[in-house]
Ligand code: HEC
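First, one chain by itself in structure tokens, the form predicted on its own.
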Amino acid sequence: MKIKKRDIALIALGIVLVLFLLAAPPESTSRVPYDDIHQEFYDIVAAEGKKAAEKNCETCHNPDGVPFPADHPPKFRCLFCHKMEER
């Protein structure tokens, strides 16, 4: 059985991909706390999905309440980065 260049390239690509994923930094965004304040968001996510829950985040997370850090990315997809706690 002869190994083709294509097979070697595919194996090399797989090794590079695995090494890249292993070198990824640890998760750095905070999770949505599972507490009395955020309980309604867990209920909305369960019933209607993440996009429905995200519409209410800026009720508290705004310049007058809990401000965003200066380098915070766009605020319309909160639950894309901030994961829900496991129950």
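Note that the structure is predicted; figures quoted are calculated from it, not measured. Start at 1 and count along the sequence shown; that's the residue number.
What comes next is about the form predicted in complex with this ligand, which is not displayed.
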Can any non-hydrogen atom of residue 60 be found within 4.5 angstroms of this ligand in the model of the complex? yes
Do residue 8 and this ligand share at least one heavy atom pair within 4.5 Å in the model of the complex? no
Could you confirm whether residue 47 comes within 4.5 Å of this ligand in the model of the complex, counting heavy atoms only? no
Taking heavy atoms and a 4.5 Å cut-off, does residue 43 contact this ligand in the model of the complex? no
Are there residues in 1-15 with a heavy atom within 4.5 Å of this ligand in the model of the complex, and which are they, in order? none
